[in-house]
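Take a look at this single chain in structure tokens; it is the form predicted on its own.
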Amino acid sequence: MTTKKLVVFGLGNRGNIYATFAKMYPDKFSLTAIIENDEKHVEYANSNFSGVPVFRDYHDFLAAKIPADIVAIATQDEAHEEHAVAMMKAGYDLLLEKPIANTLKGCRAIYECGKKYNRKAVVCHVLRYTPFYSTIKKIITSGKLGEVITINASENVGYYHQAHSFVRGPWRNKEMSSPMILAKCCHDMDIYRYLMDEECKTVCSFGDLYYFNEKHAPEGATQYCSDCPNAKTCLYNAQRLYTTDDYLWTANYFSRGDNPKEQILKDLKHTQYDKCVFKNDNDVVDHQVVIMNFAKGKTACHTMTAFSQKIYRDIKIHGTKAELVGNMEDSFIEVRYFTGEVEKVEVTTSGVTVGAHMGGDFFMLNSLYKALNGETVEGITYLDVSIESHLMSFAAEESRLNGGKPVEITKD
């Protein structure tokens, strides 16, 4: 197999994973260019990826006509349509971060552009590549469960992650970003589609922004945590959350320096991330349930909740011969046969050297490398299938806004 040329468009958290993978595995990917206009990220690129040209404007990159086998689009969600369409028109295939786009119109525009210019776009539905879900897929394919009839699963966002990303952060407002069910759960919609191996035809959904609003603010709460008399008692106090070791990853928005916690506190004061979670401009839901009906009458139920101690996904799959119970973050899978036997299935993420999502990023990039070299790869997902998860998400939001009314899904 031959080394493939990679361009990273957007060197934030996601883009840095792809660039770092190329740096660590130069036999698989050669990083030929970075497109980035944030000065801090440009400085980081020049320091950590020496010799790789950095373009501050993607038009300059296109004018340079740099050859590449794949361009990783890892820019902000609202820019995906513009950037993906421009790259495909210029002749590049894509590794496209989810969501494909923030709007149904944008998703369809990228999908149609790919068809028109005969370009491929691999969507970063990284859960497919995790040892956890890939093992579950193999178990289903093996026939151990019999025929899968229904799936029940949940995404437990984590109280601190909800506060950081969906109350204070870039995904807090659906007009600025997208509905929660798309921004956070299109991964999960894709997994249901993948495990069922048939199209979802109808969804209905219920959910709301119940807790993170002013009526739940503690007495005396101020606009900013740094001024609030409830600092010692509030679960969502920004100064506590952003300096707690387990949650330091959320502080990527702040400078670290030699004394990271001291610097975080200095940078945090009176910023968006210092705002009270009960006095913000957030409008995305903090809990939602989606019920799905598939082509042959099989069903799935998805629960998204902000109210969990930790971030984790769990799943129950009910087949005609056995049920499967699993928890991704615990690498736990049991197959419980109706005959009484219980099989514990080993899941390992050993060998993972870069990325997150319980190995998903690492294995996705390895699968991408194989696919670009012409190999048939299990689980790899292109726009023609990946768009279905987004159609499911948009339909779920439409249903939620209409009191749970069933919404049919059409691809065209």
Ligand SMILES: NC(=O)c1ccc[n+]([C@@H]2O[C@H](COP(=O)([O-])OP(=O)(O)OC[C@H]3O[C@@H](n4cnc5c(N)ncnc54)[C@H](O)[C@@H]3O)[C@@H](O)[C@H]2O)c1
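Residue numbers run from 1 along the displayed sequence. None of the values given here were measured: they were computed from a predicted structure.
Keep in mind that the form predicted together with this ligand is not shown, yet the notes after this line are about it.
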{"property": "Sole residue of G207, P131, P99, P179 within 4.5 Å of this ligand in the predicted bound form, by heavy atom", "result": "P99"}
{"property": "Position in contact with this ligand when the complex is considered in the predicted bound form, options V203, M189, C124, A84, heavy atoms within 4.5 Å", "result": "C124"}
{"property": "Proximity to this ligand in the predicted bound form (heavy atom, within 4.5 Å), stretch among 373-381, 346-354, 37-45, 23-31", "result": "37-45"}
{"property": "Close approach of E155 to this ligand in the predicted bound form, 4.5 Å, heavy atom", "result": "no"}
{"property": "Any non-hydrogen atom of H80 within 4.5 angstroms of this ligand in the predicted bound form", "result": "yes"}
{"property": "Contact test in the predicted bound form: Q76 vs this ligand, heavy atoms, 4.5 Å", "result": "yes"}
{"property": "N13, heavy atom within 4.5 angstroms of this ligand in the predicted bound form", "result": "yes"}
{"property": "Whether F9, R56 and W171 all lie within 4.5 angstroms of this ligand in the predicted bound form by heavy atom", "result": "yes"}
